[in-house]
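First, one chain by itself in structure tokens, the form predicted alone.
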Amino acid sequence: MIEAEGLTKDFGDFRAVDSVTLHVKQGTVLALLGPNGAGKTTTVRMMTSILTPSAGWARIAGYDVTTHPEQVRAHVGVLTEQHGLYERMKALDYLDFFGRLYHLDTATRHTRALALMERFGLSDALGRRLGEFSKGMKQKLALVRAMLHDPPVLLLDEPTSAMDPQSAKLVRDAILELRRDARTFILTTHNLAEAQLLADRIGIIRQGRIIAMGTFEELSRRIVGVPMMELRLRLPLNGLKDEIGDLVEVIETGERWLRYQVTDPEATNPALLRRLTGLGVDVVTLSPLQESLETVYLRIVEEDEKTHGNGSLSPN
């Protein structure tokens, strides 16, 4: 649904986006992470036919962003960091105005606007002017506007910024629900826990370049290497390390827990559990130890900084 090859944007002598390549399948959420000024917003603007690429190409739902801009805009919904809301208008009038821009008939405009406003908890604000909305309400209304024409692709820039926890959860749940309906997303966020929850794949962009791309597990393995597992028991270990030393490499131990590295957990972990059962050992939990996305992000950016020069490490 979303493709880009060698996508590049120059502003004079400054290269804002440098040969970005993306392939996002239908029903997938791709999170783009990177510091401010990394090129995330410029990439999104090229993909929505707002900016013309200096080199490379991109397609949305099969339509080239340069040669078929009208079709691209018909198939994509965009939530930008700066919403551009017309604050003197009332909410329902505002949505009706944008529904006309999308060539929706009167009944469709009205039905979708009401349904989306209810979905995001804005039904009581239909007749209020947008200037009276809180920051969180404005964010939700901008998301309603992006979804009004029922697009198969959504490009969301900080979709839950300025929202209270309840509203943010509502939006995250909506994204997960829409993904089940085969919607395709690119979202940028400074909330790394949110990215880890929502994203099927994560791309890290720095100085206009994609420096890492993959699932969280793939990116984590790039940093951590051999996976680490933690085994917690009901009773103290009492020499258990020696009993399982032929199966796993034990790295750390406590009174009732141990951690070990394993190159093939699908084969090793079942064998380990069978061994423990035979020894009469009660297992409380066996789980992988994972780094947080924040740690993985910072380590990857630090690696790139060593190779390509200094830059901000903060995803904020």
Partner chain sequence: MATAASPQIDASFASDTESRWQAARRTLNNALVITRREVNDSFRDWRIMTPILVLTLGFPALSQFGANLMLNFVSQYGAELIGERTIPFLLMIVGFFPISLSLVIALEMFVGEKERRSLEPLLATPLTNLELYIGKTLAAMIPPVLASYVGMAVYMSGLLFGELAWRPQPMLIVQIVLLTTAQALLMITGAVVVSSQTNSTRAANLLASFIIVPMSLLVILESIVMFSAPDAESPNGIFSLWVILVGLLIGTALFMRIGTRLFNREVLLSSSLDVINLRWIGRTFWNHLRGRDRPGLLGWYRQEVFPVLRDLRHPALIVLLAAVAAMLGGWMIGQVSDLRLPADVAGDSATMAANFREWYELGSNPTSVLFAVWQNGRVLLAATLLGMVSFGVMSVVLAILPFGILGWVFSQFGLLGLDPGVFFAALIPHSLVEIPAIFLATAAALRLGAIITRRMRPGQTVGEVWLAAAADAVKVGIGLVLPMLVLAALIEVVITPLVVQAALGG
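Positions refer to the first chain, counted from 1. Everything numeric in this text was worked out from a predicted model, so none of it was measured.
Heads up, the form predicted together with the partner chain isn't pictured, but that's what we're talking about next.
Contact annotation: the partner chain lies within 4.5 Å of heavy atoms from the stretch 86-94 in the predicted bound form, the single such stretch among 119-127, 163-171, 232-240, 86-94. Residues Gly6, Met47 and Lys138 are none of them found to lie within 4.5 Å of the partner chain in the predicted bound form, as judged by heavy atom distances. Interface residue among Leu258, Val248, Leu51, Val281, judged by heavy atoms within 4.5 Å of the partner chain in the predicted bound form: Leu51.
Between the options Arg112, Arg179, Arg209, Arg201, the residue in contact with the partner chain in the predicted bound form by a heavy atom within 4.5 angstroms is Arg112. The closest heavy atom approach of Thr253 to the partner chain in the predicted bound form falls outside 4.5 Å. Contact check for Ile223: no non-hydrogen atom falls within 4.5 Å of the partner chain in the predicted bound form.
At least one heavy atom of Thr80 is located within 4.5 Å of the partner chain in the predicted bound form. Heavy atoms of Gly37 never reach within 4.5 Å of the partner chain in the predicted bound form, leaving it off the interface. Contacts between stretch 97-125 and the partner chain, counted in the predicted bound form as any heavy atom lying within 4.5 Å, involve Phe97, Phe98, Arg100, Leu101, Tyr102, His103, Leu104, Asp105, Thr108, Arg112, listed in sequence order.
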